[in-house]
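As a starting point, one isolated chain is supplied in structure tokens, in the form predicted alone.
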Amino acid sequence: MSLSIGQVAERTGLSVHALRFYEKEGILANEVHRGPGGRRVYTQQDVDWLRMCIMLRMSGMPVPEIRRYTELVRQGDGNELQRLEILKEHQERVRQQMAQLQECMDLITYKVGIYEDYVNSIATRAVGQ
């Protein structure tokens, strides 16, 4: 099944411009073929790969690191340990980010509770008057 750049953009949530950027940056695992008239032709496999790359970017993996991972995948078997190292390092960074975000959430939750208590006490006093 072949897909146009517009269809891939729709399925991934990326803009056409972002898809071209990903291709230029060497982030696609497979070469993008061209159809009649030079239009890009994608596969479902490309869409699946892009979705994974989107998740890696959303979780903070830098584009050069995604490119490095992609290059290793393109090389094929024999470099699984390097791929694992890239993913484990990123996994640890994400764990640290999550811990920091939890600290932020704890503080925000605490502050929300203080303001809710305050607002409720004002409302209770107003009703009692």
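From a predicted model like this one, the values you see are computed outputs, not experimental measurements. Just count from 1 along the sequence shown to find any residue number.
FYI, the form predicted in complex with another copy of the chain isn't displayed, but the following is about it.
The closest heavy atom approach of Arg74 to another copy of the chain in the model of the complex falls outside 4.5 Å. Within 4.5 Å of any heavy atom of another copy of the chain in the model of the complex lies no heavy atom of Phe21.
When another copy of the chain is considered in the model of the complex, Tyr42 lies well away from it, no heavy atom lying within 4.5 Å. Another copy of the chain is not shown here, and in the model of the complex it never comes within 4.5 Å of any heavy atom of Glu10.
Residue-level contacts in the model of the complex: of Ala29, Val47, Val63, Leu56, one residue has a heavy atom within 4.5 Å of another copy of the chain, and it is Leu56. Residues from 99-123 that approach another copy of the chain in the model of the complex with a non-hydrogen atom closer than or equal to 4.5 Å are Gln100, Leu101, Gln102, Glu103, Cys104, Met105, Leu107, Ile108, Thr109, Lys111, Val112, Tyr115, Glu116, Tyr118, Val119, in the order they occur in the chain.
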